[in-house]
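Below: one protein chain in two forms, given as structure tokens, structure 1 then structure 2.
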Structure 1
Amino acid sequence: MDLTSLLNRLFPDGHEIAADGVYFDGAGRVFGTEVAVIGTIDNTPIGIELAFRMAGAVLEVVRRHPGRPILLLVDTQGQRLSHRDELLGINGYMAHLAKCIDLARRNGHRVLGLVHGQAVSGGFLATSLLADRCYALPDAEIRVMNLPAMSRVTKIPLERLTELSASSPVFAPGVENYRRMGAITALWEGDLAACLAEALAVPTDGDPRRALGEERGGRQLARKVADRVRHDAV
């Protein structure tokens, strides 16, 4: 879905969202609630400039619009893979963005993510995956790495990886697998404004993803193991 259609469907009451290349931000209204929007298009790789810019936009919302919910609409093929970004400490820029999102959360901003294009590894970790709740459009794609690259790194033949991808929720890219594992709260279909309004109304507390993953059968051990380490007497 192109950005204009997406924004019109999310904010039928209107929005002021300005694009600058692959980046956009602004605010939209859904059933009377102002929502800050920060995002990217075109599966863009997130390098240090973009991470920095998004962090600045989050800080601006915290400063100027206390309590305003934030919707992250980040479409990314992952972190930018470049020597120059590593040289300048891209992990520090990504962490800074993550800290800004967490600051907003702690200051009472509801933070939601909606994966509308792609969401991949580092670019996903520092953005929508850190929201209070992350949602996805059904045709969005979520993954860690493409299969050929994975095959080279793990030394497992591509044919074997392809075969496993057909059945394993842990392994295969895809929004449904991430939903089963608890990282995607729900898929948004039909009336997107209603989906958004509903998500804004649900109370959030803590990180529910392990419990969701267990309940949905996608991750059987994460909650149990974390709980044991937290509570076991030593």
Structure 2
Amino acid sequence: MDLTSLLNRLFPDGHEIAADGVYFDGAGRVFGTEVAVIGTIDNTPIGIELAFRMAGAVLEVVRRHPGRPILLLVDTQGQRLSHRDELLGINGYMAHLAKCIDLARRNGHRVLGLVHGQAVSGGFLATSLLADRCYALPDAEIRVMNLPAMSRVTKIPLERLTELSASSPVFAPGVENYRRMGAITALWEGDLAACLAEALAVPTDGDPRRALGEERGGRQLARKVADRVRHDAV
């Protein structure tokens, strides 16, 4: 779905969202609620400049519009893989972006993520996955690490990982697998404005992802292990 169509369906009451290349931000209105919007298009990689710009946009919302909900519409192939970005400390820029999103949440801003294109690797982990709730369109593509890369890191043969991915969503890419794991709260179809309004109205107490993953059969042990760790730490 192109950006214009997506924004019109999310904000039937109108919006003032401006694009600058692959980046866009602004505000839209849905059923009387003003929502700040920050995002990217064209599966763009997130380098140091874009990470810094997005972090600044989040801080600007916190400073100028206390309590305003923030919708992240980040379409990314992940962090930019370049020698320059690594030398300039892209890990620090991504961490800064993540901390700004966390700051917004701690200061009373409802933060939602909607994956509308690709969500890959650090570009996903440092943005939409840090939101209070993350949603996706049915045709979105989500993955953190592809199987060949996972094989190189874990030293598990690719054939074995391919076999595991057939039965476990933890090893497999795809929006449905991330929904089963609880990382994606729900898929948005049909009336996107109604989906957004409903998500804004849902209480955000606690992190439901472990419970959702267990309920949906995607992560059977995460909640139990986390509960044991918390219990033993008391």
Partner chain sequence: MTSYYEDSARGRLAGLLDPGSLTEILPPTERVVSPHLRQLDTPAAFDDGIVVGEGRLAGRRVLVAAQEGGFMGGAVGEVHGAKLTGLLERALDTRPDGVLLLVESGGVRLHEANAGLIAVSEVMRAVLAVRASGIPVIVLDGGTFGCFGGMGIVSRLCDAVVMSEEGRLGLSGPEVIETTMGVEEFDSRDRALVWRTVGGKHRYLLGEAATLVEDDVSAFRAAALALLDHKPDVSLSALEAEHAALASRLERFGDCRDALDIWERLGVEEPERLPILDTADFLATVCDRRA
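The term rigid core refers to the most C-alpha atoms you can superpose between the two forms while keeping them within 1.5 Å. Everything numeric in this text was worked out from a predicted model, so none of it was measured. Throughout, residue numbering runs from 1 along the sequence of structure 1.
Worksheet entry | Identity of the form predicted in complex with the partner chain, given as 1 or 2 | It is the first structure (the form predicted in complex with the partner chain) rather than the second.
Worksheet item: Core aligned, does the CA of residue 145 move at least 2 Å between the two structures?
Response: Yes, the C-alpha position differs by at least 2 Å between the two structures.
Worksheet item: For residue 167, what C-alpha shift in Å is seen between the two structures once the core is overlaid?
Response: Once the two forms are fitted on their core, the shift reads 4.3 Å.
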